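Only one chain is included here, represented as structure tokens and corresponding to the form predicted alone.
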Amino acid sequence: MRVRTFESFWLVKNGILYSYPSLQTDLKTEILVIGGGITGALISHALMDAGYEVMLIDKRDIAMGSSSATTSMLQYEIDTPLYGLSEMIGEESAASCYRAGIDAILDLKKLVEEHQIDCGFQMKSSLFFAHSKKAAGWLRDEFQIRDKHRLGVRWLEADEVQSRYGLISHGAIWSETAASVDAYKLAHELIQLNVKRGMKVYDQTGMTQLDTSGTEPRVILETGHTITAGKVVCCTGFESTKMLKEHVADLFYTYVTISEEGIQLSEHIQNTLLWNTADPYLYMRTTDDGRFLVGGEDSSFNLQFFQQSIKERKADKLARKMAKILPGIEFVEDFTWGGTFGTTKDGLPYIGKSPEYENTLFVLGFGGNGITFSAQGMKMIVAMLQGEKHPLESLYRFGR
């Protein structure tokens, strides 16, 4: 996701927590991680745990790209419903992708607790609700296949949803496993933790070329200096679409508005991630400092010159949509921002080797679940580097 305006809530709330020098010389490392957002932070942490010598670079300040703009809703679901994904790749394979999302959330919880990282991490449940009677039909089918694979779900009728959440719907899937986090702060704290363990980090260090024609990859920097590495791991999100000839993702624009502190919400809403079946879907969650976040209004159209006025119109529309389904809540806007994100044809990430680059691995967690995909990538990348086969490798491969 690329920040479209400069007042992302997470950045304003936290500021630049840690800064690092730019690279002004030639260096060599065992593994180079490109991208200092939440994906790069998680992957570099896993590599450090595995005993590798790791260097991380980013062309911006750390976590100033997607991780400063993400809504940080951690869900096991992907953008393609389980029944739809089953038709694409087979039911057992699709179910394994969904189960991997649950495992990823629990792995993130363990990581945060083990290192006592203050990043607003909270375990929650989620509610996927039908926005229309027609949508309720396929949502029931979705519930049945999730229930078949024991994903920890319940079906709630419309009256139960309204009684419990005060939310107007046509039925919903309740899921027991979800979470929320401040991904910007998590990325910063995780990288700083590993700097103390010996990882080298350079920000404001842009790459102009990744040359893998030799025996070892060479990264040519904007300064003209080079980094030589045994292996390169690209955690560059939607910007990777500029590096790859293969069409891996379509890019869209999404918008978010967040309330002032102290908004009055029921305990059920505070402890639940909410999203619906509309296209584009509406999603909502509380933050650890008592605000309410509403996002959506995705669009493939955006003009730089009109970016501010578009953002303001989208924020108003999001607030009106929320008011229709959650009547009686007094939402006072405090921050609004927007960004670019990528979505794939099947909703799955691309994790592994691209045939376009030798000795290079990619972790590209496109879609609404980039953070949980990145958490899955922690185990996958280490396994690949150690010559082991990971069960998700074929499902997340390039060229699929």
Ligand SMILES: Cc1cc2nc3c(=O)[nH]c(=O)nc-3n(C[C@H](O)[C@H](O)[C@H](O)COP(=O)(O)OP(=O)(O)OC[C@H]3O[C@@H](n4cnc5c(N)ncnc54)[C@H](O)[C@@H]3O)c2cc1C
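One rule holds for the numbers: they count along the sequence shown, beginning at 1. Note that the structure is predicted; figures quoted are calculated from it, not measured.
Missing here is the form predicted together with the ligand; even so, the following discussion is about that form.
Participant: When the contact criterion is heavy atoms within 4.5 Å, does residue 254 count as touching the ligand in the predicted bound form?
Facilitator: So residue 254 counts as contacting the ligand.
Participant: Is residue 284 close to the ligand in the predicted bound form, meaning a heavy atom pair under 4.5 Å apart or at it?
Facilitator: Judged by the heavy-atom cut-off of 4.5 Å, residue 284 is well away from the ligand in the predicted bound form.
Participant: Heavy atoms within 4.5 Å of the ligand in the predicted bound form: does residue 69 have any?
Facilitator: Output for residue 69 is yes: heavy atoms within 4.5 Å of the ligand.
Participant: Is residue 341 close enough to the ligand in the predicted bound form to count, meaning some heavy atom within 4.5 Å?
Facilitator: Residue 341: yes, in contact with the ligand in the predicted bound form.
Participant: Could you check which residue among 139, 73, 227, 78 gets a heavy atom within 4.5 Å of the ligand in the predicted bound form?
Facilitator: The residue from 139, 73, 227, 78 that makes the contact is 73.
Participant: Hey, of 327 to 335, 366 to 374, 349 to 357, 46 to 54, which bit sits against the ligand in the predicted bound form at 4.5 Å between non-hydrogen atoms?
Facilitator: It is the stretch 366 to 374.
Participant: Scan 28 to 42 and note down the residues that get a heavy atom within 4.5 Å of the ligand in the predicted bound form; none is a fine answer too.
Facilitator: 34, 35, 36, 37, 38, 39, 40, in sequence order.
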